[in-house]
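Here we start with a single chain on its own, the form predicted on its own, put down as structure tokens.
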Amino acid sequence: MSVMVITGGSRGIGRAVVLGAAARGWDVVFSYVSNSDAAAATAAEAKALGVRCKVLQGDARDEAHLAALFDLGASIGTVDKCVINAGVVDVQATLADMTADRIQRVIDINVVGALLTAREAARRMPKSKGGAGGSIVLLSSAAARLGGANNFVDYGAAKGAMDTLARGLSDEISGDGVRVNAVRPGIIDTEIHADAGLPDRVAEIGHLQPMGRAGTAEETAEAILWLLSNASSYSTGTHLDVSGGR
């Protein structure tokens, strides 16, 4: 059975990907850091769609956790899909006002965690390593090309690294049966804005987007799920904007 592994699957875009995968009949293994209630609720909804769904608490910066996450996926089927979604943003600030600790945390979780997750996938999924091949999708952001000025330059820089990682890893392993792509969401209606201390951000700027509204987690998930599927079989090393024209 086809298994999708995703980091950060308990809420927001991650949750929408988990449920979208389950609706397609894919078994799912996902990680979360702290919100056990949200993780349990997401897993229950996925299972109600008739698939197996396993959950593992842990930090994407922890090599042992990532190995255990992929092992858990392998215990129920063939891991041929991986979504690198775990990430954080901090409160709105200019770069001049950011502390070194904040910058380190944002880079460690969004970049180092993603690199370690991608490395684990690259050790297991390629056909030359005994895997079945498949697809890896990284969560980037429109901030990777817009910069995040006066808000989240550190986050934008971290997501720029995801664009580079998608291209570089694709060049390394797409010839070995594993496609690698990135999705760049724009203003999406999820909890990330409240996490940044801006709970009203979607209401304030959603209508200013070219399409006149913010996007949804489900719309973003559809792009990710397409890149995971065989429908995108000739797409690799690409960056897909889901930003309403922003």
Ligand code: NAP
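A residue's number is simply how far along the shown sequence it sits, counting from 1. Quantities reported herein were computed from a predicted structural model and do not represent experimental measurements.
One more form of this protein should be noted, the form predicted in complex with this ligand, which is absent from this view; the next part is about it.
> Since the chain is shown here on its own, which stretch among 93 to 101, 133 to 141, 165 to 173, 70 to 78 would lie within 4.5 Å of this ligand in the model of the complex, judged by heavy atoms?
Of the options, only 133 to 141 has residues within 4.5 Å of the partner.
> Pick from 88, 157, 122, 116: which has a non-hydrogen atom within 4.5 Å of this ligand in the model of the complex?
Selected residue: 88.
> Give a yes or no for residue 35: in the model of the complex, does one of its heavy atoms lie within 4.5 Å of a heavy atom belonging to this ligand?
Residue 35 belongs to the contact set for this ligand.
> Indicate whether residue 109 is a 4.5 Å heavy atom neighbour of this ligand in the model of the complex.
Answer yes; at least one heavy atom of residue 109 falls within 4.5 Å of this ligand in the model of the complex.
> In the model of the complex, does residue 45 come within 4.5 Å of this ligand, counting heavy atoms only?
No - in the model of the complex, heavy atoms of residue 45 and this ligand never come within 4.5 Å of each other.
> Closest heavy atom of residue 55 to this ligand in the model of the complex, within 4.5 Å or not?
Output for residue 55 is no: heavy atoms all beyond 4.5 Å of this ligand.
> Just give me the residues of 1 to 28, first to last, that have a heavy atom within 4.5 Å of this ligand in the model of the complex.
In sequence order, 8, 9, 10, 11, 12, 13, 14 come within 4.5 Å of the partner.
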